[in-house]
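Below sits a lone chain in structure tokens, taken as the form predicted alone.
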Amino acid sequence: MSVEKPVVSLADLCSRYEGLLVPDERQGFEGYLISPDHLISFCRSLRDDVGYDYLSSVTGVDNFPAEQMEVVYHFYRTTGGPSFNLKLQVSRHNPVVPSLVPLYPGADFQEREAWDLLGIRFEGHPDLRRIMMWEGFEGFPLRKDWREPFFEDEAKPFKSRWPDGQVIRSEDQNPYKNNVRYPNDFDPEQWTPVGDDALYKGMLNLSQNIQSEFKTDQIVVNLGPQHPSTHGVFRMVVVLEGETVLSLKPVMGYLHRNHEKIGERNTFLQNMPFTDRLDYISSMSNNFGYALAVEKLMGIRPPERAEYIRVMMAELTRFLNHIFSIGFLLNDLGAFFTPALYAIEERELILDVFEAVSGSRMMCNYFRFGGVARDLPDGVLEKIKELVNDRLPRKLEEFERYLTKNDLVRIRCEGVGVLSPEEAIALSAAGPILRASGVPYDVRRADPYSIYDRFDFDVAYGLHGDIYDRYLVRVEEMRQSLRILKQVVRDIPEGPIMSGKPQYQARVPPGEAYGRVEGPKGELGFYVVSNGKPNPWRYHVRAPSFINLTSLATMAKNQKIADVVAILGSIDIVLGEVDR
């Protein structure tokens, strides 16, 4: 893929908007502030003239009690380099900002989420509906003045738990034994869902202009939310003509628990085990991203041994995630559970390592600000050396021998669910989805973190952007992870695994930070704002499973309904991370 060089420099563009683009001079903050009136023109120049073609993250922030809402954008170049942070601030009473979807289609779901949870309206958005909450939900739950039923306290630890120790279940105070609150004058028995009507109407409008050789009926079909092929409680609404998909809309939120609201009530340290519950296949990577964000705020770096252990755990996680996702992709293709069982066997050996170092197989809660919770137990490093030097390379070769040249795999995957490089970038696709489309963008190389700049490895990428290339990229990434791991186990030094003393309460100075890692599913980012108190003021997750679903409709258009199941499997989502 050829990438055009920027026409002007970032400094030139900023000088062109002098007086309209203002540095954010708040203590601990960075980036620039711009007014909503100039957002579109500036972002168009940022993309077309300066080369910031990738909108990674869109975050809404409630600056209560100040009567102000804020939207924070993180832009990157797919050729590599650090972010450009842009912010705009609007009245909290009428928070209206221009939508960036016409310029950056990858903002679609992220803007809907900010509308749904914070009430920020994005003018010009093509489909601004709730995305996590149900259509009759009252209020915007991430606002600081929103209170759930049986609200107890602003921040943890709740006094009823500690120090008093008198735990009271809110549900027990309610004669109906639930914690549901309906809007005024709302009767659930009389309610007619209006969201689905708007969804179906919009989809049929999308498909009216499609020309077909044969005149057949168009029907709307729901796949999920209770369906084994949706990888959890996820729903795809499709318009079909025969077996051909004319349009598709993902519907999510069935597992939503407002992870970010919980995160803003927790202390900084209490959030670490909550990150495990995002992508529960990849908890070590989740810990990594959050630790980096808070460490930026604290201005600390882990010691050498801890850095090596972190990379070790992250790359073992990448291997187990990819082999697991390939096994279940084969399930979606019809090879029911035999390849998955091969994959699970290797995954279990890596989980043995995780259990030894953290005490848990899936919810590891292993990273700490400034290092890791504990050192490698005796014998574990030797076990890891045996895995990365012998067992896993042999098993990966065996896996490939069964699958890569398999005629059925190739027939079902080649040329199916194609995403072009331009589409992948515009839709903010990340990880193997982006790289399989021919864009060799990997955060470990493009904007290195931790000690990844020390290791010799290649960025895997494809040329066709189809399901088969996504499979091949994951196979090659497993091979490169083993390459990194061999260097780690060879070079890991002795020494401490924590900078300073372990703390039960992190002292985090005021400011903002965005920490991101190249997780197995793509860029996982945490945007954290501190006001100097023990709990984060804003805690936002840039979830790759969620944002990668933005490209599902593009991949599925004009494909067969059976192939949509395989396309979804090739994205590799975890619903805990999609819904949060």
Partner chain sequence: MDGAMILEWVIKSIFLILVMTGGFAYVTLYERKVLARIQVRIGPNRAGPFGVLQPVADGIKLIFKEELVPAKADKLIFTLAPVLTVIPALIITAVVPWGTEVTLFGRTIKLYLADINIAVLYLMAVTSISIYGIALAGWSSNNKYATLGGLRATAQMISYELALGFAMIVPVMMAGSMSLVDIVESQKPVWFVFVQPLAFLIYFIAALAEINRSPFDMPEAEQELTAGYHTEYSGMKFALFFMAEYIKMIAISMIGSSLFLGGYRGPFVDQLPALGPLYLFIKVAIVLFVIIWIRATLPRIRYDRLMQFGWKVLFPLALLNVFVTGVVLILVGG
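This structure is a prediction, so every number in the text was calculated from the model and none was measured. Positions refer to the first chain, counted from 1.
The same protein also has a form predicted in complex with the partner chain, omitted here; what follows describes it.
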Q | Proximity of V180 to the partner chain in the predicted complex, heavy atoms at 4.5 Å | A | no
**Q.** 4.5 Å heavy atom contact, Q505 to the partner chain in the predicted complex
**A.** no
(Q) Is N331 part of the interface with the partner chain in the predicted complex - any heavy atom within 4.5 Å? (A) yes
Q. Is E243 a contact residue for the partner chain in the predicted complex, using a 4.5 Å heavy atom cut-off?
A. yes
Q.
Which residue, F337, Y280, Y254, F150, is the contact with the partner chain in the predicted complex, using a 4.5 Å heavy atom cutoff?
A. F337
Q) Which listed residue (K385, H227, H464, R454) meets the criterion of a heavy atom within 4.5 Å of the partner chain in the predicted complex? A) H227
**Q.** Output flag, R305, L381 and D579 jointly within 4.5 Å of the partner chain in the predicted complex, heavy atom basis
**A.** no
Q) Of 410-418, 95-103, 445-453, 82-90, which is the one stretch near the partner chain in the predicted complex, taking non-hydrogen atoms within 4.5 angstroms as near? A) 410-418
Q. Considering only 557-579, what residues come within 4.5 Å of the partner chain in the predicted complex, judged by heavy atoms?
A. K560, I561, A562, D563, V565
